[in-house]
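The data below hold one chain only, encoded as structure tokens and taken in the form predicted alone.
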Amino acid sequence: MKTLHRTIVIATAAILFGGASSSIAVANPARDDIIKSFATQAEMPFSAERGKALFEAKPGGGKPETPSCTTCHGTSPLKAGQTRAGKLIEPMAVSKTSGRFTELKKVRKWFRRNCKSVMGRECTPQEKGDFLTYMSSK
């Protein structure tokens, strides 16, 4: 059953990221591989809706000065954000920043750092996949 689940998740990722559309950025093999790696560890298929909810949530448990992703990244993934120190953060949406989420080392680093800052813990593979699915749909 787990093999079937993985096959469904990978097939879903391939459909979501397999081509260009006006609302979905062009697929990137490096990004697709990162998403597939999270899919093998996830409990269910990824959801852009859950990714959006995670992006907008104020879960508590993290640092008081970073209660949500939107604190620094802004309320729209299509627009630039700003660090608390005033440094520009390019838009999170893949359609606006095409190189986003294409280097595994950076993806791991920023998920680890930002999840701990916002939630007080590391994100699960499910949360990471949902988040990437949402950002890839924008």
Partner chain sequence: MFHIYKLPILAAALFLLATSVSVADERYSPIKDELVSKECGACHMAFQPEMLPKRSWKKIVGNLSDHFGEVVSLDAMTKEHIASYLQDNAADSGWWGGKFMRGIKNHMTPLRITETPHWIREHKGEVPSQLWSSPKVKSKANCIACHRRANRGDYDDD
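What you see is a predicted model, and the numbers here were worked out from it, not measured in a lab. Positions refer to the first chain, counted from 1.
Not on display, but discussed next: the form predicted together with the partner chain.
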Practice task
Mark S117 yes when one of its heavy atoms lies within 4.5 Å of a heavy atom of the partner chain in the predicted bound form, and no otherwise.
Solution key: yes
Problem - T40, heavy atom within 4.5 angstroms of the partner chain in the predicted bound form - result: no
Practice task
State yes or no: in the predicted bound form, is some non-hydrogen atom of P29 no more than 4.5 angstroms from a non-hydrogen atom of the partner chain?
Solution key: no
Practice task
Answer for P64 alone: is it within 4.5 Å of the partner chain in the predicted bound form, judged on heavy atom distances?
Solution key: no
Exercise for the section: Tell me the stretch among 92 to 100, 54 to 62, 78 to 86, 41 to 49 that has any heavy atom within 4.5 angstroms of the partner chain in the predicted bound form. Expected result: 78 to 86
Handout entry: Partner contacts for 105 to 123, taking the partner chain in the predicted bound form and a 4.5 Å heavy atom cut-off
Key = K105, K109, W110, R112, R113, S117
